[in-house]
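This document starts with one chain, in the form predicted on its own, laid out as structure tokens.
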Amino acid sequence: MKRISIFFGVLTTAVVLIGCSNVRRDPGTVYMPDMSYSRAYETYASTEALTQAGVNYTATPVSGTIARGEMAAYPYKNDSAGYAMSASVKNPLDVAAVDLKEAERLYLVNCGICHGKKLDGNGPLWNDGNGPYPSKPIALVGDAKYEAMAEGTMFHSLTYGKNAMGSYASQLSTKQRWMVITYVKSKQGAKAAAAAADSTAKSM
């Protein structure tokens, strides 16, 4: 009798110890399995069903679509004809209302590394010939060619890239690109005004 008691005592202890293990072997009963284990749906992962139904879905916006709050799209393509016609495009922003401090910040963040803080082409990548660039970037101020460049042509170059400069369409919105151009033109205008005043003073 004593042996049976000991046997059942050991068996009960073993069952209790196994039952108290942190390893769960039974997930239990799930009352609403569709709530606990939701099915993964990937929207439009396959467009085969849509195609069969006669629905043309390409996952791209309709041509000419403008994002909410965005300015009108630039009308010219990235080709020689588009570059030539860009000179006729005017800055759509009210220049007097542009926040030049923010425009300067955008310029310094995106353009200053090449064209320099003073727009003289002496940015950190050139650094008086001590930087990694083998040739000096263009000077936006002090070079008659670029001071005379039309706003639209500048915008075209910012949008598509030009020579060694890549496109900034993904980094800057349409409005921000026009703000940068407004800032550049304001600096070019200030330089021209200072030069004209100096010339007048010398001729007197």
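All residue numbers refer to positions in the sequence shown, first residue = 1. We call the rigid core the largest set of C-alpha positions that still match within 1.5 Å between the two forms. These figures come from a predicted structure and were not determined experimentally.
Separately, the form predicted together with a small molecule exists; it is not shown, and the next lines address it.
Although the partner is absent from the chain shown here, Ile113, Pro137 and Tyr146 each have a heavy atom within 4.5 Å of the small molecule in the predicted complex. Residue contact with the small molecule in the predicted complex: Asn163 places a heavy atom within 4.5 Å of it. Shown alone here, Met85 lies farther than 4.5 Å from the small molecule in the predicted complex, counting heavy atoms only.
Contact between Tyr133 and the small molecule in the predicted complex is found at the 4.5 Å heavy atom cutoff.
Using a 4.5 angstroms threshold between heavy atoms, Leu125 counts as touching the small molecule in the predicted complex. A movement of the C-alpha atom of Pro134 reaching 2 angstroms or beyond is seen between the shown form and the other one when the two forms are aligned on their rigid core.
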